[in-house]
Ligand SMILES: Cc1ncc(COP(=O)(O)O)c(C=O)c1O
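The chain below stands alone, shown as structure tokens; this is the form predicted on its own.
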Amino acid sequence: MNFDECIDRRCTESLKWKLYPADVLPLWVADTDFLSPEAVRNELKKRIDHGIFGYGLPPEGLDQVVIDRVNRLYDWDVGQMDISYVPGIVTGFNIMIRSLCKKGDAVIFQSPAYPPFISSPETVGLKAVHNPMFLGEDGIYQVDFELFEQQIIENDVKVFILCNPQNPTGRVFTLKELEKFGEICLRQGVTICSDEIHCDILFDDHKHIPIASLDPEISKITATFIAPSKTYNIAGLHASVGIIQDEALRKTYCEFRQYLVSNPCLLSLVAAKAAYEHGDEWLKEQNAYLQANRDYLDQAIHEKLPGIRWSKPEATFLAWLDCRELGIEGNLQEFFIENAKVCLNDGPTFGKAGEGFVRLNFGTTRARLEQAIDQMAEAIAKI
């Protein structure tokens, strides 16, 4: 796979590439600019050529593909009854918080946070509780576990949305950290909704550990959501996997979603099965390319972007850039669009902890990434 190939996406319906003028390089929405694996494209063509798209079931064998995958990667034993499919992880955790919480209850998450973690509880009268992460002496984002438990108690938290790997910081939580999360949630009677959408995009030999795989007691209070969407650049097809091992929790989830949230469409599940079955080599090559992009970006930040700092991400294709030393007044996203012709995600949409930050998506070709860095450097030099 040639990940250096620059493919025109403006001729498609791409949100990332069509929302801003043609002279603006888009490094914001969290999809990549790479062709999906050939096996995925071939299976979709075969299914389309059949020509009939009536109501259907998940492709035969998809459940077993998921079961075998999580067992091989994480030594995690799940059963066929534990698996369900949902159009997206945001949909999945919305089902969970709405089925488990009543108006006035609280949902907690680490911040800076993926924006739907903030807005989803608030749209249904729930309280969104931010547990701010902080930079340790080693330059790595850390969790304040004492504050985490304190806020759970003070706010009557019912659900913890765990994001691992964490968006936007790129942290891969360690076994010790995950055990601490689990211990606190068990002690305080909090259900864990684990967003693990970036679990396949890992760097520097970091290992992903599903929190539900740690312990049978933790698995009883956990709903896990994974997806091939970010991994294989098929997010627009909308297919995610829910894994809920506790029968009572699974029943609550399924009853709430019945007649409200449908299964993913036929084509999305065909793509998911092909990606999980045949995408390993492609994924290995993509992760190597992304790691090289991350390392280039690390060097460029030190050499070309004075006043910008970051904590080198351990996973994801997202860079959380601290621009506070630049002294730019007003909206940073607008500054870089107007002065550098580069679109980044605006930090404050990730919560108060995002003030003075932007998020950059380096899941693109090296040529585009280099062009964006050069244009940002020129804009910074002028101030």
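One rule holds for the numbers: they count along the sequence shown, beginning at 1. If you're wondering where the values come from, they're calculated on a predicted model, not measured in any experiment.
Another form, the form predicted together with the ligand, is not on view; read the next lines as being about it.
Colleague: Taking the ligand as it sits in the predicted complex, is Cys163 in contact with it (heavy atom to heavy atom, 4.5 Å or less)?
Modeller: Yes.
Colleague: Determine whether any heavy atom of Ser213 comes within 4.5 Å of a heavy atom of the ligand in the predicted complex, and answer yes or no.
Modeller: Close contact is absent here: in the predicted complex, Ser213 is far from the ligand, nothing within 4.5 Å, heavy atoms only.
Colleague: Given that the partner is absent here, does Asn167 sit within 4.5 Å of the ligand in the predicted complex, heavy atoms only?
Modeller: Output for Asn167 is yes: heavy atoms within 4.5 Å of the ligand.
Colleague: Taking heavy atoms only, is Phe181 within 4.5 angstroms of the ligand in the predicted complex?
Modeller: Outside the cut-off, so no.
Colleague: If contact means a heavy atom within 4.5 Å, which one of 140-148, 113-121, 246-254, 261-269 is the stretch that engages the ligand in the predicted complex?
Modeller: Comparing against the ligand in the predicted complex, the contact stretch is 113-121.
Colleague: State the residue from Ile89, Cys193, Val107, Cys199 whose non-hydrogen atoms include one within 4.5 Å of the ligand in the predicted complex.
Modeller: Exactly one listed residue reaches within 4.5 Å, namely Ile89.
Colleague: Which residue among Val66, Ile337, Ala30, Leu321 has a heavy atom within 4.5 angstroms of the ligand in the predicted complex?
Modeller: Answer to the contact question: Ala30.
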